[in-house]
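One chain comes next, on its own, written as structure tokens: the form predicted on its own.
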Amino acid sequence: MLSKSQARLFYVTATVGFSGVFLLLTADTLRQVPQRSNAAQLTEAVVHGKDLWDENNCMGCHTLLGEGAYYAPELTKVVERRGAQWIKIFLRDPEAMFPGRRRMVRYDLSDEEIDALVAFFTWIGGIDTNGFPAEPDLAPAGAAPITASAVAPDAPEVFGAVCTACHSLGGSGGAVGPALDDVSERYDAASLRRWLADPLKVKPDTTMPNLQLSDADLDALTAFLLADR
């Protein structure tokens, strides 16, 4: 059994020792904050995107870094999961991407605001979160972005960034829409380009949205999808 002086010494030594450990750990945490928080990439566009996130109460439905509502998808790694180009198309008109199924409202964001939000999501995705969020146990097919080169070496960037979220080619990609392996058997160049430019104009009841593709993307996709493999 400790005497009073021994107990006092034990208390003082333990208090000073653990206080020192706490201060060292605090100093080490503060030292790592700039790198782990992706502070070097905190640009004006990122700040603007954060302001838009707050102004539109996005956290009322979504979560970032685990904070927010759980009504809509977690967005910490959304750029890694979907890709910047897909997100930009989606934010222009969420309903068009998933007709009759998507509950997210259209905010009529300008191109500058959409770019700012993507910059904000990109910055968030670069934060060192020690592996959060974890990969889902039952991830849907095609949920992760697939690069164009992973599908085919000659695939245009827009194909890997956007098309593979819903369609597959050679067994790689999404399963929402039909596989694209036999496109050349079903379309000629003119009809395929017309379809890609405005699917709803060709077939009003289709679930494929108008992706607002540029002429360059339309030409590249048409040539790629009709190429012999």
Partner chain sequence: MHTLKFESWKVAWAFFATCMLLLALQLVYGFFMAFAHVGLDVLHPWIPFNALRASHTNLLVVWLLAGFMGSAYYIIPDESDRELWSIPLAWLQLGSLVVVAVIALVGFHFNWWEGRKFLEIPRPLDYLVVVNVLAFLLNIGMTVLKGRRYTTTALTLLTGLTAAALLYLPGMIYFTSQVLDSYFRWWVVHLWVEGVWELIMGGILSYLLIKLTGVDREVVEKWLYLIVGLTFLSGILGTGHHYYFIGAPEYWLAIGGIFSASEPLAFLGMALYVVTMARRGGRRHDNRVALFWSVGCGVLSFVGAGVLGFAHTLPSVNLYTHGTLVTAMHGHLAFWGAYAMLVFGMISYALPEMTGRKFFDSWVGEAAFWIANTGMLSMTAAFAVAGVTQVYLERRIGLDFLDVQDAVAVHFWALILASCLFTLGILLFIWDFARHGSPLGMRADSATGVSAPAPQPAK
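In this text, the rigid core denotes the largest set of C-alpha atoms whose superposition between the two forms falls within 1.5 Å. Values in this document were obtained by computation on a predicted structure and should not be read as measured data. Numbering follows the first chain given and starts at 1.
FYI, the form predicted in complex with its partner chain isn't displayed, but the following is about it.
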| request: Give a yes/no on whether Glu113 approaches its partner chain to within 4.5 Å in the predicted bound form, heavy atoms considered. | output: no
| Touches its partner chain in the predicted bound form: Asp154 (any heavy atom, 4.5 Å) | no
| Do Thr15 and its partner chain share at least one heavy atom pair within 4.5 Å in the predicted bound form? | yes
| query | So in the predicted bound form, does any heavy atom of Ile124 sit within 4.5 Å of its partner chain? | reply | yes
| Only one of Ala197, Cys61, Cys166, Val183 has a non-hydrogen atom within 4.5 angstroms of its partner chain in the predicted bound form; which is it? | Cys61
| field | Contact stretch among 184 to 192, 197 to 205, 166 to 174, 65 to 73 - heavy atom within 4.5 Å of its partner chain in the predicted bound form | value | 65 to 73
| message | Can you list, in sequence order, the residues from 1 to 16 that come within 4.5 Å of its partner chain in the predicted bound form, counting heavy atoms only? | response | Met1, Leu2, Ser3, Lys4, Ala7, Arg8, Phe10, Tyr11, Ala14, Thr15
| Taking the rigid core as the reference frame, is the Cα of Asn38 displaced by 2 Å or more between the shown form and the other one? | yes
| Comparing between the shown form and the other one on the rigid core, is the C-alpha shift at Ile114 2 Å or larger? | no
| Core fit, then Ser19 C-alpha moves 2 Å or more between the shown form and the other one | yes
